[in-house]
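In structure tokens, one chain follows: the form predicted on its own.
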Amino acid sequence: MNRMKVDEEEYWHSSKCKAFTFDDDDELSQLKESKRAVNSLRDIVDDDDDLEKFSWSGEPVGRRNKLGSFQSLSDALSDTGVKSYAPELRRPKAEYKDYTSDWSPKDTVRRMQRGKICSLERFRSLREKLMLLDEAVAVHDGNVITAILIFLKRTLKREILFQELEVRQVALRHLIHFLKETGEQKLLLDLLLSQYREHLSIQDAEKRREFLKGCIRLPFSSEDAVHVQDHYTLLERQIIIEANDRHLEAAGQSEIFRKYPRKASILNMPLVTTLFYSCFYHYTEAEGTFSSPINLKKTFKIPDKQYVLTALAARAKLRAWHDVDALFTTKNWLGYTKKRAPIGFHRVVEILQRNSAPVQVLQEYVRLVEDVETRLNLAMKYKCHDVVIDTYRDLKDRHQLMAYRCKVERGSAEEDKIDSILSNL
């Protein structure tokens, strides 16, 4: 009984853990050794910034991905490897330096080139962001340029970004390539159209031509690319025609320029206006010249209807009725001539009347209108009496002839003609 009591007291008054005493040399030496190990570890992680850093999961920190962008601050701080394997450890001081230091745009770009983690969020003003982009372009590093463009695409309004890229062609080409690779077709189309529309604000013809020449290299769709190429070709041709015609007008060597002085320059005019100008001043020129209407028609694949409408308006304005007649005269393989109008002869009559064509000319084309009702309406509207009388005669409409006889002048040739027809019906 007494023995059990002694054992119980020894249990409660004993301990497996030894208390630390300053007199214990072994314990003190172990503590110093641990302190030296910790200090040596701090020296290692505080070493030169140029050493490549790895996360606790074994992945390099700040490495580039295949698109050339860099790991963001939020991605780095949310690294699952850090949380899973070493939640109790603090980041090394050199790693915090990348996030907290006030790096300039130039220093930031240099660090991005070396694969360092750099937060771009601190660059908030437009001026700082553009400085960052300009520095990236200056070092000719495509990965850094693309990474900064992704940041700008996310933080700038689309209109502002497009406007700033207009004067930064290198960065523009990188963004276009990136959008093509990532399949962002809508944004790519908006960017290309924005660049193309910029030519509207360029007044100088030579500068506009150079700008359009640059647009030709942009990756437009096949249909849009043809349009841009045609626009460039048209302006190039307008520059040549303008220089030549200005010289002829100043020298007084051309009768048409003396009789009809030019009211405006041909530069930057639409294709239809250029065609009208060519039909007005250069209608008889050989097809091989740049100013020839036929040359313009073939170069820009102008449809027959558009060409005939424009040429008719130009020649009618000059009252060149022989040219008008030739415009609609065709020959078949047997040599027979025939009048043909791809726009319809009713439209030909309207255009001629607007240009004050004489009745004799109008009547010739009113007769060619196939629809009888339309022909009669046009003939009555423009007082082409012979056409009205002949149409009623062909219809053998005695009643209408008698009614129309009351509308012509008494004793006129038209009245005599109606009387002659009525007597034979």
Partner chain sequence: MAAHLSSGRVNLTALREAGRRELREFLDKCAGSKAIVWDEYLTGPFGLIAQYSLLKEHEVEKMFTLKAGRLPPADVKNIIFFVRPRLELMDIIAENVLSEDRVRSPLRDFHILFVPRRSLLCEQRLKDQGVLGSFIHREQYSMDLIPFDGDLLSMESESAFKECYLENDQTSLYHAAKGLMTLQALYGTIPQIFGKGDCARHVANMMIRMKREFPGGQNSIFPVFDTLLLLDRNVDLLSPLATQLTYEGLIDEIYGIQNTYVKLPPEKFAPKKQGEGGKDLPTEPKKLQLNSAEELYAEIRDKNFNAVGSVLSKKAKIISAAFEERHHAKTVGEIKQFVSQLPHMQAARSSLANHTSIAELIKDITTSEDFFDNLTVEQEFMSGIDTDKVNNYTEDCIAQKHPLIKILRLVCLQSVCNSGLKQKVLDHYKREILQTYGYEHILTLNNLEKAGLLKLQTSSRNNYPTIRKTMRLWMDDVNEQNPNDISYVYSGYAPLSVRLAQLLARPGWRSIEEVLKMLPGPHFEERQQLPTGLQKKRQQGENRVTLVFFLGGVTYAEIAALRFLSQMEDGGTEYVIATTKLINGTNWIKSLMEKLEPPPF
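Since we're looking at a predicted model, the values are computed, not measured. Numbering follows the first chain given and starts at 1.
Another form, the form predicted together with the partner chain, is not on view; read the next lines as being about it.
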Report task. Would you point out which of 173-181, 123-131, 253-261, 225-233 contains residues with a non-hydrogen atom within 4.5 Å of the partner chain in the model of the complex? Result -> 225-233
Query raised in the report: At the 4.5 Å heavy atom threshold, is Glu249 in contact with the partner chain in the model of the complex?
Result: no
Query raised in the report: Any chance His199 has a heavy atom within 4.5 Å of the partner chain in the model of the complex?
Result: yes
Query raised in the report: Heavy atoms within 4.5 Å of the partner chain in the model of the complex: does Asn332 have any?
Result: no
Requested in this report: Flag Thr284 as yes or no: does it have a non-hydrogen atom within 4.5 angstroms of any non-hydrogen atom of the partner chain in the model of the complex?
Outcome: no
Query - Candidate from Leu165, Met269, Ile150, Ala316 lying within 4.5 Å of the partner chain in the model of the complex - any heavy atom - result: Met269
Query raised in the report: Arg114, Arg354, Lys207, Lys339: which sits within 4.5 Å of the partner chain in the model of the complex by any heavy atom?
Result: Arg354
**Report entry** Partner contacts for 160-198, taking the partner chain in the model of the complex and a 4.5 Å heavy atom cut-off
**Finding:** Leu189, Asp190, Leu193, Tyr196, Arg197
